[in-house]
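Quick heads-up: it's one chain on its own, the form predicted on its own, in C-alpha cells.
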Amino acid sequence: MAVWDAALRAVRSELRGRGLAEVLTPLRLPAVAVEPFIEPIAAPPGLLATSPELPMKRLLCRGAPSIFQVTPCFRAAEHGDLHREEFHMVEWYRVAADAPAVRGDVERVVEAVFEAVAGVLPEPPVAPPRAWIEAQAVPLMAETLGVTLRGDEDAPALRAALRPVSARLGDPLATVRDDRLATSPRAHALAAWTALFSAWCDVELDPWLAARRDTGVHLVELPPALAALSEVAASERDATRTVAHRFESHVHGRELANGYRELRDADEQRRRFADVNALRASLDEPALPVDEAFLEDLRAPGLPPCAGVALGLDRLVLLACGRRRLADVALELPAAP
C-alpha cells in the first residue's frame, strides 16, 4: 500500500507541478477507440473504458486546458505477467504542444515514481534509466532486419520486401487475409504492418532493448499505417519521409507508454476507424461501435493542437519495485470457475 501511495503522490505532484489539471471521465462509455486487437468488456448499455482517450479529447474540444487523469481501464482477455483485464492508466494531454513535450513528461514521471517508490522500499531500490534516447522506428526495423523499408509500403510491397527474412520472423504476414482485404488497400496495409510490427518487436526489438536496459528508449515516428489516432506528416528528421507522429516509451526493456501528436481531422479519424473494423472483419471479429459524439466534437468545436500520452501505472510501479509480474504489485481477481 505504501508503494502505491508513494507512486500516486509522485505522479500527481509531477503533473500538477507542470501545470496540468486533473480530471475524471466516465468508466462506462457508449463506444471506445476502435483498435484491431483491444477488446472492450461489455457493461450494458455501454462498454467499460479501454482508455480515457476519447472523453478526455472531448473535454479538450470544449476548451479544457492541459489535463491528466489517473484511472482504471478494462480490456477483455488480457492475461499474463504484464497484462491484466483491469489496470490503471495515467493519461495526459498538453495543449499547444508537440510530442517531444510529453516525452519529456514521461521521463520526469518515471524518475519521480522510481524515486518515490525507493523511499518506501525496504530493499535497495532499482535505479531509473540513466539516460534517454530516441530511435526512429522504420530505420531501426530496416537495420535490424537487414532489409530496405521506407515505411509507406502497401501490403504487396511489404510482403515482397520481407521475403528474405520472412522465415526468421516466423512468416509474420501469414495471418493477413489478402483475399478479404484486397478491396480495402488501407486496411490491407494496416493488417500487414501490424503483423510485421508485432513479429519484429518479439524477434528484434526486445533483444535490442535488453542490450540497453539502463537506458530509456522512445521509439518514434512509426509507419503511417500504424498511426492510430496520431497525425501523419513529414518526418521531423527527414522531410522526404512521411511518418506517424506516434511514439512508444520503453523502460528496462518494457513498453511503458504510447503517445501521439494528436490527429484533429474528423473525416480521417472516421476512415481509420473503418479501416480497423475492416481488418477485424477479415479476422472474423465483430465490428466495434464508433463514438459519433467524439467525431462530432472533433469536427466542431474541434480539437486544439495538442500532444498526449498514455502510461501504464501498474507496469511503472512493477519496474520501480524491481518485480517481474503485475501480480506482485496489485491484487489479482480470483480465477474464473
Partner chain sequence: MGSVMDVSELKKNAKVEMDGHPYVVTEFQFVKPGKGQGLYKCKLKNMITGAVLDRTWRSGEKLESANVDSRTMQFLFSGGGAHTFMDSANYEQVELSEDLVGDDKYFLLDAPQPGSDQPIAYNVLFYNNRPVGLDVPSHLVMEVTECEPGVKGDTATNVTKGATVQTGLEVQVPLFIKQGDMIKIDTRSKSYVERVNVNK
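Positions refer to the first chain, counted from 1. In this text, all values refer to a predicted model and were calculated from it rather than measured experimentally.
Another form, the form predicted together with its partner chain, is not on view; read the next lines as being about it.
Visitor: Okay, which stretch from 212-220, 181-189, 255-263, 144-152 lines its partner chain in the model of the complex, with non-hydrogen atoms inside 4.5 Å?
Guide: Stretch with heavy atoms near the partner: 255-263.
Visitor: Is Glu268 close enough to touch its partner chain in the model of the complex, meaning at least one heavy atom pair within 4.5 Å?
Guide: Because no heavy atom of Glu268 falls inside 4.5 Å of its partner chain in the model of the complex, the answer is no.
Visitor: Check Gly170 for me: does it contact its partner chain in the model of the complex (non-hydrogen atoms, 4.5 angstroms)?
Guide: Within the cut-off, so yes.
Visitor: Is there any non-hydrogen atom of Ala112 lying within 4.5 Å of its partner chain in the model of the complex?
Guide: Taking the distances in the model of the complex, the answer for Ala112 is no, it never comes within 4.5 Å of its partner chain.
Visitor: Is it the case that Ala195, even though its partner is missing from this view, gets within 4.5 Å of its partner chain in the model of the complex, heavy atoms only?
Guide: Yes, contact at 4.5 Å.
Visitor: Leu121, Ala157, Val95, Cys201: which sits within 4.5 Å of its partner chain in the model of the complex by any heavy atom?
Guide: None of the other options qualify; the answer is Cys201.
Visitor: Pick from Glu134, Glu248, Glu107, Glu86: which residue has any heavy atom within 4.5 angstroms of its partner chain in the model of the complex?
Guide: Selected residue: Glu248.
Visitor: Would Val3, Glu22 and Ala116 all count as contacting its partner chain in the model of the complex, using a 4.5 Å heavy atom cut-off?
Guide: Not a single residue of the candidate spot has a heavy atom within 4.5 Å of its partner chain in the model of the complex.
Visitor: Using a 4.5 Å heavy atom cutoff, which residues in 65-86 contact its partner chain in the model of the complex? It's fine if the answer is none.
Guide: Stretch hits, in order: Ala77, Glu78, His79, Gly80, His83.
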